[in-house]
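The chain below stands alone and is given as structure tokens, in the form predicted on its own.
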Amino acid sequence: MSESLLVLPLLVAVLTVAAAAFDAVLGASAAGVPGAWRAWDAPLRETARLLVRQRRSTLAADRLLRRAGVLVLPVAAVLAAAVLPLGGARAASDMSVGIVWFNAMEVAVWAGVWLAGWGVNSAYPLVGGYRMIAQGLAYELPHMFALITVAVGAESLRFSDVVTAQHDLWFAVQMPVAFLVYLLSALAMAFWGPMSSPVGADLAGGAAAELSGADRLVFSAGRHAMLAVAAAAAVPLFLGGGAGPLLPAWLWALLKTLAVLAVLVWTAHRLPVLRMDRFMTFAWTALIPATLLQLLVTGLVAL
């Protein structure tokens, strides 16, 4: 357990860099840049640039709230990853309510984005922060029902028990609606791709519009880290954890995580950003009934 605790931040950092690198390559490819694969080091160059760039500040900004909001993102990502089993190894904290803990850390991201938008005392970031709250209210209920469906199927809130329950058949096959809703939720919790309206171009960058220097670096890294952790959580929740032939469990878990992460990153370059009013209507009229129906079917099977 102590070894997992030490390795955890490093694994999250590696997955974060992988997500940023793949995003940079896809962005270069979409822009028609020759040899787009060479853009893999763009996040490293951007990191160096932001580290030496001076922070700017708006009039009457609340530095404490701004920096607290920025720091919440990477901290929440690491704490959420603490309950995830690392392939064949135990989680850093294999708590009996791991799914609830994961959901709580993901909700903390809402507060982080809102605080970052509020703290800079500027109109566009504030609107971006409120968009994040609206987005959270729209996706959280379907997301929560999807997680409850997994817990009912495994008869446990512990991630290791969820992995064990998929010995015969992955939950992605048993609960396809919950799996698809979870993937959509993963995009929403990292405000990524079609769910990126809190940092949308129509708001000049939204919640991140006034962030610069190290603040912008930490905010961006936290966003990518949350996306990576959401992809990693999909593996024990729906894809059987480290189960697989020939290869060791940790390698299977890593390959599955990278596959899910690649799909999530890809959406930012292929799908348009959703309007929040339309997404909220879709969530309440379609996603919630669908996840409730999936939960009912899973409950009847479990009985």
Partner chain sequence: MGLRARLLRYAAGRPRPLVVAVPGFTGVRLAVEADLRRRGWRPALAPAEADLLIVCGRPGPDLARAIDTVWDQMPSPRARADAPTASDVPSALDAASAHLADEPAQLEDAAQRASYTPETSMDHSTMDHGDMDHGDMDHSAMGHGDMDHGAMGHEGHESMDHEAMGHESMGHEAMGHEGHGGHGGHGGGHDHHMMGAPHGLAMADRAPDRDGLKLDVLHVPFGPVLADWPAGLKVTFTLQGDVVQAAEVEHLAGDAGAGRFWDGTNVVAARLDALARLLAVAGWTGQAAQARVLRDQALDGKVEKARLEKFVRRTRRSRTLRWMLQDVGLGETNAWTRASGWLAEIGGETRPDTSAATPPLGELLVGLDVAAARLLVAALDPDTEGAVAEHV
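All values derive from a computational prediction rather than experimental measurement. Residue numbers count along the first chain shown, from 1.
The same protein also exists as the form predicted in complex with the partner chain; that form is not shown, yet it is the one meant from here on.
Q: Just to confirm, E106 within 4.5 Å of the partner chain in the predicted complex by heavy atoms?
A: Contact with the partner chain, no.
Q: Is S122 near the partner chain? Define near as a heavy atom within 4.5 Å, in the predicted complex.
A: S122 belongs to the contact set for the partner chain.
Q: Look up in the predicted complex whether A204 has a non-hydrogen atom within 4.5 angstroms of the partner chain, and give yes or no.
A: So A204 counts as contacting the partner chain.
Q: So, in the predicted complex, is A259 in contact with the partner chain at a 4.5 angstroms heavy atom limit?
A: Looking in the predicted complex, residue contacts with the partner chain do not include A259, since no heavy atom lies within 4.5 Å.
Q: Where does the partner chain sit in the predicted complex: which of 159-167, 72-80, 173-181, 130-138, heavy atoms within 4.5 Å?
A: It is 130-138 that comes within 4.5 Å of the partner.
Q: Which residue, L251, V263, A48, A68, has a heavy atom that falls within 4.5 Å of the partner chain in the predicted complex?
A: Residue within 4.5 Å of the partner: A48.
Q: Hey, which residues along 263-302 are within 4.5 angstroms of the partner chain in the predicted complex, non-hydrogen atoms only?
A: If the 4.5 Å heavy-atom criterion is applied to the partner chain in the predicted complex, 263-302 yields A268, H269, R270, L271, P272, V273, L274, R275, D277, R278, F279, F282.
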